[in-house]
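Just one chain follows, in the form predicted on its own, and it is written as C-alpha cells.
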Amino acid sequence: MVEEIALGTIEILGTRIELLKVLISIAIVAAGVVIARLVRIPVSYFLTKYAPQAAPLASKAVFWIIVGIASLSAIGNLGVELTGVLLAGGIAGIIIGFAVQSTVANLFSGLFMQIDRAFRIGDAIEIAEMNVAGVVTDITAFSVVLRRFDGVYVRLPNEKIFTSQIRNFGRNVARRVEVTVSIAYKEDMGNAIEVIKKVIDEEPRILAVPEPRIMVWELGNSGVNINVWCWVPTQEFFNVRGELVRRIKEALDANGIEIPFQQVTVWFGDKGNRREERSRLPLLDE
C-alpha cells in the first residue's frame, strides 16, 4: 500500500521514504539495465567469435550480474539496511555454490576449451586419461558428445576433458603411416627395400612430400626389421595402411623374400651333456 504523506515523501509498507530517493533508485536500476545491455553486446560478440557454444549463457550471466548490482545499489539508496540481506545471500550463495560447483566447473571448462580450440566438431580425438576415443559430434556449455569408433555415443563433462591429455587425429591434413616389415636374416636387405619402395611408388594416395622413408631399423629376434614411413591424407589413413600392409606382403611373397617365423632355441640335457636344437615355430596365440 502506497500512501502520500507529505510533499516530497511517500510511505511504502509503513516506511517513509523521500520521493527524490525513489526517483534516484529508479534511475539507478534503469542505468544498470542500459549498461548491462551495452556490455552484453561486446561480450556476446567476443564469445561468439571464440566460444560460440558458451556465448548465449555467458552473455546472459553478465547481463543479470550487472542488473543485480544496480538493484542492490538502488535498494541501498532508499535507506534499506542490506547487512542482513547480504549475510543471508552469502550463506545461500555458499550452499548453492557447493551444490552446483561441478556445473560451474563444467561451464568454465567449456568456455576455456572453446578459447583453446583443441578440437572441433567432426574431429577424431582420443582422451587418454578416460580411455575414450571417437568423433566429436557436439560441444555444449557443459559437456562434449563423442561417437566412439564402435558407434556408441558417450557424453563427457567438460571439466574432465579440459584437465586431460587430448590426442587430435584429424587436426592435421596429413598423417604418417608406420609399418614394420621383418625379413629373414638370409634375405638380401637391398632387394627387400626395392620391392617395398616399388609398392609405395604404385600407391597414388601416398604423398610425395614429406618423402616416404624405408630404413633397416633393427636386428630382431627372428629377422631383420625394416621400418616404412610415409604420409597420407588424414581421411585416407586407415584405408592406405591396411592396403599397404597387404600389398607389401604380396610383393615379398611374389619375389621369394621370406617373412620369418619366430626362432626358438631349445636345450636338452643328455647324461650331463647338453646339445642345441633349433626349430622354427609359427607365431600362435597361446
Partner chain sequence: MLREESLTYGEYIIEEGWRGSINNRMVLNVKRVEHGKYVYERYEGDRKVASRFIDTSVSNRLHLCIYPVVPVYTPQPANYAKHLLLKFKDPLVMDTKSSLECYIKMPVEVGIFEMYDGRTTLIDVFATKLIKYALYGMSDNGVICRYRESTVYFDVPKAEPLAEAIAHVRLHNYLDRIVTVNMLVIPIEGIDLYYNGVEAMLDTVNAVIKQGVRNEIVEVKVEEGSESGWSKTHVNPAIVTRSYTMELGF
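All figures in this text were calculated on a predicted structure; none of them were measured in a lab. Positions refer to the first chain, counted from 1.
Not on display, but discussed next: the form predicted together with the partner chain.
Query raised in the report: Of E202, D138, E129, D188, which one comes within 4.5 Å of the partner chain in the model of the complex, counting heavy atoms only?
Result: After the contact test, the surviving option is E202.
Report task. Answer yes if any heavy atom of Q165 is within 4.5 Å of a heavy atom of the partner chain in the model of the complex; otherwise answer no. Result -> No, no contact at 4.5 Å.
**Report entry** 4.5 angstroms heavy atom contact with the partner chain in the model of the complex for P210
**Finding:** Within the cut-off, so yes.
Report task. Find out whether any non-hydrogen atom of N172 is located within 4.5 angstroms of the partner chain in the model of the complex, and reply yes or no. Result -> N172: yes, in contact with the partner chain in the model of the complex.
Query raised in the report: Does the partner chain come within 4.5 Å of any heavy atom of P260 in the model of the complex?
Result: No - in the model of the complex, heavy atoms of P260 and the partner chain never come within 4.5 Å of each other.
Query - Joint contact, I206, P233 and E236 to the partner chain in the model of the complex, by non-hydrogen atom at 4.5 Å - result: Every residue of the candidate spot has a heavy atom within 4.5 Å of the partner chain in the model of the complex.
Query raised in the report: Just one of 63-71, 225-233, 27-35, 248-256 has heavy atoms within 4.5 Å of the partner chain in the model of the complex; which?
Result: Selected stretch: 225-233.
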